[in-house]
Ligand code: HEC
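Given next, in C-alpha cells, is a single chain: the form predicted on its own.
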C-alpha cells in the first residue's frame, strides 16, 4: 500500500509541474508522467520512429562527411566544437563562410535525418543537407534543395511540419498564416497524448480518470488517429489538407472525429497523379488497396502495427485472412508477405528515400521500384497542378467553404475557384477572418487586385488586430501605389504586432517610396533584428543606406544578405557596383563570377561589368545566358553592335520592344542598328519615336542621331 501511495504522489507531483507543458491549459500533461504507471510500454515506445521523430541532436548522429553541392557550388561541413554541433557553409574557394548551430534532429533516422537550427527568436530552420541511410549512410541535399537557387540556411519549419514530428508545441502564432515561431521548451517526438488525448484527468484520478483507448474506437475512427499524420495525399502544391480556422494549430484531439479538425483534398480522378507515391502517403496508399476496400474498411494501420513497438507483424495479419495461401502450389509456404506485396519503393518527393508501399497488391515486375529520380520543383500557379481539387476525407462537406478554398489556396483552380469561394463567403458569412484573407490573396493571384481590399476590410471587421490581414493589406496598398494608405495600415500593424518582421519590412519599403530614408533604414534594421535570416530586410537596408550616402553601411548590409543567401543576384549586383565605385573591379568580378554558378539572373550584372571593361565577347556570353528582360536584351543588342553584328542586334532590340513597346533606349538601339544597315527610313521611324518619348536621355540621343541621318 505504501508503494502505491508513493507512486501516486510521484505522479501527482509530476503533474503539478506541468504548467510549463505546451497546451497545459487544454488538459495536457508532461508526457513523462505516463511512464510512472506504463514503464514497459514507455520503454518499447521510445524505440519507435514516432518517439524519435524530433529530438535534441546526439553527437553520435553527426555525419563525418564534407559535402559539395554541384548545382550551387556550396560546400557543407559538420563541425563539432566542445559539446555543440555546427554546420559550416562556404562557397568556391572558401569564400562567404557562415556557421549555424544544430540543436535538433527531425526524423528518426530510419529514412532520414534533417538537421535543425533554432534561432534566438524561436524559428526552426532546416539545414540544406540531410543524412540518409541509403548506400550505407550518406549526406545529400534536403528535400527541395537540389537546385542552384535553394534557400540555404533559412528555410523555416512550418507549423504543419512540426505537428507531425512533435507533441503539442507552444506555437506563438494563432493561424497557419502566421510566422512559425515556437515558444518555450520544444517537445521531443510524438507523445502518448497525440493518440490517447489529454491526460490530466486520467492522472489526477490516479490512473482511473477518463483517457482514450483507440483500440475501443470503431475501425474508421481508429484509423483516423493514425491519419492525423500519415494521411498526406501529396506534398506538392494542391493543397493536401486545410486545418479548420476555428481550431488551434496544435489542437487535434483524437477523442473527436478527424474532420472536426482538418479536411483532406486530392487531385481530380483520372489524371497522372492517381499512382503518385510519396513519403507521407502510407494511409493514402493503404486506402487504395483491394484488401482495405474488401475488408469494408475494417483493415487499419494497427492491424499490422502496434504503435508502442518498433517492428510490425505483417505476416500474422495477412495470414489471418489468407489462410489458404500457405497451401498453394506456387506460393511459398512461409514468406515475408510485405517484401512482395508491399515492397519498398523510392518516393517521388524525397528522392534519396525508399519506404514501404502500403498499397497491397500482386507483385508487378514492370516497375523499377528503386530507380534514381531527379528532384521535382514547382512554381505555384505556373508548373504546379492545375485542375479541380476534390474532397478526399471527408468525401463530402456540409458547407462549401473549405472545398471552395481548396481550389484557390495553392492556385490550383483559380478560374473556377475564385467565383466559387466568393459565392460560399456571401452565402455563409463565416466569422473566421482567415477566409477573407485567402479570398483577397486569390484575387491578387488571378489579376483582380482591385477587389482584394474589400476582403481585407471584412477580415479586419471581424478582428481588427488580425495580423495576416493587416500585413497583407498594407503590402497590397504599397503595390497599388497608395503610399499614404500603406503607411497608415503598416504603422498600425507594427504598433499592434511589434515583433512581426515582415510588417516592418513592408513599412520600410513604404518609407523608402516616400523618400523617408532615415525611417526606412530604422524599419529595415528592426526587421533584421527580429529575423536575421530575412534576406529582403538586409537588402532593403543596403539600398536605403546607399541612397543615403552611407556606402560603408550599405556594403555591410549587402554582405549580410549574401551570408544568408549567397545567390541573391540583386545584392551581388549592388555590392559589385559599390566595389566598382571604390575602384575594386577585381572584387566586383569575383562576386559576380561566383553568383552565376547558381543564378542565371546574376549573369546580367556580370555581363554589364565585363562590357564596361570592353570584354565584349565574354560579356555577350553572359548576357545570352541571363533571363530575357528589357535590360538584358538592350545589352545584347549593344554588344552585337560593338561586334558589328547588326542583323542580330536588330533582333535583340525588336525582342525587347515586344516586352516594353515604349522603351526609348530600345528604340534608339533599333534605329541605330537599322541605320548601320542603311535602312534609313526604318532608322528615322524609331529614332523619331524615341525623340518624342519620355526618357530624357533617349530623347537627347535620338535627336542627335536624327540630325546625322542622310535625307
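Quantities reported herein were computed from a predicted structural model and do not represent experimental measurements. Positions refer to the first chain, counted from 1.
One more form of this protein should be noted, the form predicted together with the named molecule, which is absent from this view; the next part is about it.
**Prompt:** Can residue 653 be called a contact residue for the named molecule in the predicted complex at 4.5 Å between heavy atoms?
**Reply:** The answer is no: residue 653 has no heavy atom within 4.5 Å of the named molecule.
**Message:** in the predicted complex, does residue 49 come within 4.5 Å of the named molecule, counting heavy atoms only?
**Reply:** It does: once the named molecule is placed as it appears in the predicted complex, residue 49 has a heavy atom within 4.5 Å of it.
**Message:** Taking the named molecule as it sits in the predicted complex, is residue 212 near enough to touch it, meaning that at least one heavy atom pair lies within 4.5 angstroms?
**Reply:** Residue 212: yes, in contact with the named molecule in the predicted complex.
**Request:** Flag residue 429 as yes or no: does it have a non-hydrogen atom within 4.5 angstroms of any non-hydrogen atom of the named molecule in the predicted complex?
**Result:** It does not: once the named molecule is placed as it appears in the predicted complex, residue 429 has no heavy atom within 4.5 Å of it.
**Message:** So the named molecule isn't shown here. In the predicted complex, which residue out of 478, 560, 125, 195 has a non-hydrogen atom within 4.5 Å of it?
**Reply:** Among 478, 560, 125, 195, a heavy atom within 4.5 Å of the named molecule in the predicted complex occurs only for 195.
**Request:** Identify which of 137, 332, 499, 394 has a heavy atom within 4.5 Å of the named molecule in the predicted complex; exactly one of them does.
**Result:** If I apply the 4.5 Å criterion carefully, the residue I get is 332.
**Every residue of 441, 544 and 601 near the named molecule in the predicted complex, heavy atom within 4.5 Å** = Heavy-atom distance to the named molecule in the predicted complex: none of the three under 4.5 Å.
**Asked** Of the listed stretches (359-367, 520-528, 569-577, 616-624), which one has a non-hydrogen atom within 4.5 Å of the named molecule in the predicted complex?
**Response** Stretch with heavy atoms near the partner: 359-367.
**Message:** For a quick check, can you give me the residues of 269-292 that have a heavy atom within 4.5 Å of the named molecule in the predicted complex?
**Reply:** Read in sequence order, the residues that approach the named molecule (within 4.5 Å, in the predicted complex) are 279, 280, 282, 283, 286, 290, 291.
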